[in-house]
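Here we start with a single chain on its own, the form predicted alone, put down as structure tokens.
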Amino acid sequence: MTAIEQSAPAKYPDVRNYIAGNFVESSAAEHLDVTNPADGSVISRVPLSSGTDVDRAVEAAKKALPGWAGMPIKERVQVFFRYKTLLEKNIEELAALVTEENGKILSEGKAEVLKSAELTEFACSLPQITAGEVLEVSRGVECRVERYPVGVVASITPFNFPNMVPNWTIPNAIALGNCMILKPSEQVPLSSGRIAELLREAGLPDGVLNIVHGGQATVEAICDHPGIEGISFVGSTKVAKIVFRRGSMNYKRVLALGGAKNHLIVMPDAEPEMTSGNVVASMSGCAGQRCMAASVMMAVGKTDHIIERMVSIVRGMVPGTHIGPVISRAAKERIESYITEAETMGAKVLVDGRNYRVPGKENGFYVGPTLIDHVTPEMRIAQEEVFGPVMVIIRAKDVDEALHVQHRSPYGNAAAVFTESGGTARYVMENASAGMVGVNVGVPVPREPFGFGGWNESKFGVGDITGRGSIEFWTKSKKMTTKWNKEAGVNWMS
């Protein structure tokens, strides 16, 4: 029995939960439509699962936990060696599914799946990275640290990366011995089913990964469930705060990643071609629906030549070809309202993506790439996360003024500077209030083994969600002290 069996062109049957190695019907009384953002068509329905479904998933995970956690890590990661191969083998199908449910253009879907393979590759290296520490701390006395799984954990993931973000957590958490309940976004539930099928094909035992689909009630049931020891979340800051607070109140470890307002500081000496291309790509990639997208360009001094080049690039971009739709009609309307409000307040729209229609896909949720100049820091569009292909340009007289604007943002996911000066680059890297910074890089996402995680209201909890920083979150350490030799004597530690 598979997660999605095509019954008609571009239509899938109702999505089902995945529990104890099988796709099963939810107890939900309500379902939501799953929509293809490119043309507005309904492609499936997803259940709004209840606490009863979460209970079933937790019981399956608890049953699988002793056998999985008791397996040596070198044996556990063999599943992920095979899973990585399956991701690469099925990349065309997986990318097409991402495109259909999320709207990404196909090249972006493929890039997402390749990143999932890279994340899985890191998990395969965990036996070498997590080897226990041991030291003879005094004559005849030895101390060592060993890592143990947290237990049954949950991962709540967003709509913007249906394949990649689940793989931020699944490989590392499970390879480290945990059993997981995944709650994907109800807007993009199809990719998670294929992930489960590939992991089952790779040899993952039943119950180690379970998937429960749903909305707010499902998330609340996860936060409240006494059988779940840890939760990771990726989404808006508003919801990240709620999940962090509710999960922590129930004595769980929680790592919740929120929104972003990423500032790119462009200096007058920046290389024009590279800078203009990178800034536009950062703003428009994945239709701007990524927490690392640039949304504010701080134009320092005489940078009009770079802005003019950006305008030329953006005008040459064709929605439906170079850029996909946003996730929903509501998102399109919200994004366009930000643009209209900024224009009303005096900002100058250099390239206008409002009211865009793609021929043959008139019902799609497209917003064309948009550049807005002479935005002031007080405008809502300069402060709030728009989450669309929109770049606002704020003028600054020097780098300190640009950094001052960046510091005013409550977020702290990413920041970058474009310059040919090593001194300026280092100054921005040291003084930007962000967890991830870049020099001449529009999307400063760390590659494995470096972890992903922001500062301020972009992250709640300790540690990172990927890379080495995730190991501490997904494990608990046990400290062991042994004394065998009588020469060790007796002291205050005895």
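Residue indices: 1-based, along the sequence shown. Everything numeric in this text was worked out from a predicted model, so none of it was measured.
This next part talks about the form predicted together with nicotinamide-adenine-dinucleotide, which is not shown.
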- Task: Choose from 77-85, 228-236, 102-110, 391-399 the stretch whose residues reach within 4.5 Å of nicotinamide-adenine-dinucleotide in the model of the complex, heavy atoms counted.
- Result: 228-236
- Contact assignment for nicotinamide-adenine-dinucleotide in the model of the complex, among I91, V349, I242, M71, heavy atom within 4.5 Å: I242
- Though nicotinamide-adenine-dinucleotide is not shown, can you say which of S284, N160, S116, N172 has a heavy atom within 4.5 Å of it in the model of the complex? N160
- Query: Hey, with nicotinamide-adenine-dinucleotide in the model of the complex, do F23, T120 and G177 all fall inside the 4.5 Å heavy atom range?
  - Reply: no
- Should H263 be counted as a contact of nicotinamide-adenine-dinucleotide in the model of the complex, where contact means heavy atoms within 4.5 Å? no
- Message: Since only the chain is shown here, I'm wondering whether F387 would be in contact with nicotinamide-adenine-dinucleotide in the model of the complex (any heavy atom pair within 4.5 Å).
- Response: yes
- Query: Within a 4.5 Å heavy atom cut-off, is G353 in contact with nicotinamide-adenine-dinucleotide in the model of the complex?
  - Reply: no
- Contact between Q216 and nicotinamide-adenine-dinucleotide in the model of the complex at 4.5 Å, heavy atoms? yes
- Message: Suppose contact means any heavy atom within 4.5 Å; which members of 170-185 contact nicotinamide-adenine-dinucleotide in the model of the complex?
- Response: K183, P184, S185
